[in-house]
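There is one chain below, alone, in structure tokens, taken in the form predicted alone.
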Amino acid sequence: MRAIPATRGPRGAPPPPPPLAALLQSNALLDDAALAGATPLRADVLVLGGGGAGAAAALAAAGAGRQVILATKLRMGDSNTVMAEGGIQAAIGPEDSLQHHFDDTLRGGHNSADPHLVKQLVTDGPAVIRWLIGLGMHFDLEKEAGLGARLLRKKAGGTTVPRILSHRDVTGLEMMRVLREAVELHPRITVMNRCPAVELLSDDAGACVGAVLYDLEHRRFLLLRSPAVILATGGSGRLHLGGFPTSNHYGATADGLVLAYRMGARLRDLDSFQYHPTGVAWPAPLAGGLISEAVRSAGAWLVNGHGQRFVDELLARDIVAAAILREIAEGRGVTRGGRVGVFLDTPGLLARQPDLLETRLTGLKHLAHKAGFDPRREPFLVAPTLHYQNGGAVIDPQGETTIPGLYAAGEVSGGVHGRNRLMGNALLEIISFGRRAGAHAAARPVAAYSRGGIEHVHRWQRALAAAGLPRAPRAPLLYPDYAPFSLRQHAAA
């Protein structure tokens, strides 16, 4: 595939997978005619995305006194946040330190993360936990002799000390519960469900000054002007790169990357994706769904078709996933219903700790019920699933991209994790950088709203022509290609 001549990333960086590259090099979904009839709106801060990062950003900006609009493609809370099961990292234990967390994160990312971002991430950890508890989030507790109860800390893959805080094995769901309630009750936040962003707005200086939304319910375009726009649009798992199933929610189609790149934002590490080791391989209707790392943290083993344990289950995720793929490739996998994987030995774990299903692994219990078997008697068949986009928009420690007025938080951003992410750092990242982006965006002057437009789209179209690339493919995709959706047909209906 021919690339548009541009200096938007490190020279010599590996290219993104072809499906993602095709989206990045696509034409826009709309033209000036769509803007002419669009309904005008204004906000002090515009947040695009209704997951954890978007909610945290909106709450921070509103807390600074700004009027915030949060627009989301699906519904508030429909995001990868609710699917993060294992927990959140924060260095709060007496045996832990910010330095340990920093070192573990850099090492887990193969020393390729931006150390300034990692420093900010781990430094924010304890304050993030206090903030979440203040919102009403519940965490698992353990008794401490003479001191009552304290937060339960668990060890996870790639961590040198127990650092994972959790709510059973549904931590992300519990986090999104309190974030959604806080957002929906805040008087300075307006939530616009089912209003995906289809383009950004730029001014004469190249700054981002708003976005064009499409209201799916009323079939109309919305021209939303704002001096600060925060991308919290998530990742790209629903592209099913490499043919893998995915744990990602329905809207994870790389929209934020497409919009940021078209405006000229630098991106990084677009060839790097994380494959969660224990995705469901069978039954087929549940393929790709996650079995939390909390199950391996509790002591479940991975066993091949010869009945052999073949890897330390608490190594970093990329190492464990590679070990599973190697067992399958070398003929030591297990085949069931046409699906190939290895066993996660839940019967062995639950024989050793019979109460886990009722106390700490309630999500596993529900998943087994959906799969139609008893995990005390039958192991799960698992294989790696496309889970996380490691790369994304280049940001500074306040979440601002290389485009003035455009911020990014969560999975759409890059540099925080490097080329592999440790379990628990994603939930920390969305709150840490979501809040930072929201606070910094709120500090931008709001006295005058620039009119802005889509001149950057016109420049983009000229670049496509100069590079000899077709103008027919259009993006953002908005929905997976197996759920065909045409914006133009929908708007004209």
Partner chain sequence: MDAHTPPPPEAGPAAAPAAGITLVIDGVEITAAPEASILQAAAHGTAALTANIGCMGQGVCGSCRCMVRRQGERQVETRLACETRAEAGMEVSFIDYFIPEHRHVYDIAEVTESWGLLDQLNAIFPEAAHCRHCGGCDRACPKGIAVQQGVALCVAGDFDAAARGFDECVMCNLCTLACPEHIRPNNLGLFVRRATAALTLRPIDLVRRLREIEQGAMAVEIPPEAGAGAAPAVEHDA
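Numbering follows the first chain given and starts at 1. All figures in this text were calculated on a predicted structure; none of them were measured in a lab.
The following text describes the form predicted in complex with its partner chain, which does not appear among the structures shown.
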(request) May I ask you to choose, among E184, D355, E330, D312, the residue with a heavy atom within 4.5 Å of its partner chain in the predicted bound form? (result) E184
(request) Would you kindly say which of K143, K370, K155, R377 lies with a heavy atom within 4.5 Å of its partner chain in the predicted bound form? (result) K370
(request) Verify the flagged residues E174, H240 and A383 against its partner chain in the predicted bound form: is each one within 4.5 Å by a non-hydrogen atom? (result) yes
(request) Check whether P473 has any heavy atom within 4.5 Å of a heavy atom of its partner chain in the predicted bound form, and answer yes or no. (result) no
(request) Please check if A298 has a heavy atom lying within 4.5 Å of any heavy atom of its partner chain in the predicted bound form. (result) no
(request) Indicate whether its partner chain has at least one heavy atom within 4.5 Å of a heavy atom of R360 in the predicted bound form. (result) no
(request) Decide whether R444 counts as a contact residue for its partner chain in the predicted bound form under a heavy atom distance cut-off of 4.5 Å. (result) no
(request) Could you tell me which stretch in 316-324, 346-354, 227-235, 198-206 has residues with non-hydrogen atoms within 4.5 Å of its partner chain in the predicted bound form? (result) 316-324
(request) Sequence order please: the residues of 124-140 with a heavy atom within 4.5 Å of its partner chain in the predicted bound form. (result) P126, A127, I129, R130, I133, G134, L135, G136, M137, H138, F139
